[in-house]
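Shown next as structure tokens: one chain only, the form predicted alone.
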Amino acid sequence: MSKAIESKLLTEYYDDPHYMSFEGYTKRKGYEVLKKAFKMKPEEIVAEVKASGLRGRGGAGFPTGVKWGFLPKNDKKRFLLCNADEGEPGTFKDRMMMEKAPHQLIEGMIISAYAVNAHKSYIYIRGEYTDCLRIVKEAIDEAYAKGLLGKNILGSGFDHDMDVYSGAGAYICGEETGMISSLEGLKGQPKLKPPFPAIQGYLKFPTIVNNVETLAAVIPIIEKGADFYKSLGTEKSTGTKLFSVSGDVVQPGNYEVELGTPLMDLIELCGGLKPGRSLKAVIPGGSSAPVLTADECVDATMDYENLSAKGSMLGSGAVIVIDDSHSMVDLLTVIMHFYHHESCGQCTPCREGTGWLEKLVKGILKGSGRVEDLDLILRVANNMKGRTICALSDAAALPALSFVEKFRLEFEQHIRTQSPVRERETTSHA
């Protein structure tokens, strides 16, 4: 029996099919927190979010209140952007949030926009999420019709306009500066930082970029206070987190639990492993996160600090469970193909490195690899880390390194069994 239980701070009413509508949302006290927020000063909201310890839920885990505090102290026009370009393989929490609770996102965005004095916001939605695009558009129209968007919202004197923008299927636009480039009508490629978006972002104006889950989490923080939020989770990883659990579990899906929940308890919450199977590995934070072995999973907890100490990361909260029926060579080939395909080509180490990694791993899978190729994979991956404008190069390098280093014997065995002729030739020339 699992020790973990869901802590439904954000998802409490997601089982109610009417919650997606304005009427259904307001019946559950929707937009009541917005009224409370308008009685506060913007700087008080920023301070409360900062005190809560809320960290960005899109992958980077940067403190949200600190990011808001980077905005220049002036009256210059600024923007709020919601990053809903959820493209990390294994992640599907934001899609659920937009489909089941679009007004929750809108309320969180209005509160956040008021806090940072942004009078215009955009929700940048992944191009493949056509249902989300329709649902969120309809919810925005409802909010305008009810006086919750536009001029003088709820008599507060605060004006705010909101719109949606559909991506075109590029993973790279999930990176905040790549998303800004796309919004500007440019090729969706990341930009050098600094300047950071908070100083010079969309159309060169100060810009805050937050994830769907991050913006929704602002609501319970303002409703119940920073101290309540900090009472959930761990000291440095506060609150709850939505985890998208997929792979070899009985009941894959999205689960909201407190940060710090043991990984094995989360797996049990999903019904455990499929019958007759044993745990082989887990990717804890999306396909870019270094893989954990079964032994490493035993004492792993789902928070930023523990997973970082284990050489991996919480990332977007996509937990991919792998049992003993899978080939790690096969899985790494799929991951390398994805990152090679999604590289924007702007930086040489990423453009060339992702191609080399896919070629090498695919060669091993198809039976033309050599044992020496494993060291070549490690060398290429190490030369890709930290040498590009954005983190996509690292996102390809980190799984390549962890798969080969932690499952090297399996890779060598695959080479020897799938490439018997090449192996005999290598041995005879030695």
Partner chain sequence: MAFILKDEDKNFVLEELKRYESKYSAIIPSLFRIQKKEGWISAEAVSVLSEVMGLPEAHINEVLQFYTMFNKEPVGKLHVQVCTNVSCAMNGGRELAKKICQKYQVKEGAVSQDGMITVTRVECLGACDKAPMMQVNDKYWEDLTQESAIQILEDLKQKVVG
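Positions refer to the first chain, counted from 1. Keep in mind that what you see is a predicted model, and the values were worked out from it rather than measured.
Keep in mind the form predicted in complex with its partner chain is missing from the figure; the text below concerns it.
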Inset, instruction - Sort through 322, 118, 264, 135 and report the residue having a heavy atom within 4.5 Å of its partner chain in the predicted complex. - result: 322
Inset, instruction - Taking 4.5 Å between heavy atoms as the contact cutoff, choose which of 224, 230, 146, 77 touches its partner chain in the predicted complex. - result: 77
Legend entry - residue 130 within 4.5 Å of its partner chain in the predicted complex, heavy atoms: yes
Inset, instruction - Flag residue 151 as yes or no: does it have a non-hydrogen atom within 4.5 angstroms of any non-hydrogen atom of its partner chain in the predicted complex? - result: no
Legend entry - Heavy atom of residue 155 within 4.5 Å of its partner chain in the predicted complex: no
Legend entry - Contact of residue 183 with its partner chain in the predicted complex (heavy atom, 4.5 Å): yes
Inset, instruction - With its partner chain left out here, work out from 265-273, 302-310, 245-253, 214-222 which stretch has heavy atoms within 4.5 Å of it in the predicted complex. - result: 245-253
Inset, instruction - Verify the flagged residues 91, 163 and 341 against its partner chain in the predicted complex: is each one within 4.5 Å by a non-hydrogen atom? - result: yes
Inset, instruction - Just give me the residues of 157-180, first to last, that have a heavy atom within 4.5 Å of its partner chain in the predicted complex. - result: 163, 164, 165, 166, 167, 168, 169, 170, 172, 173
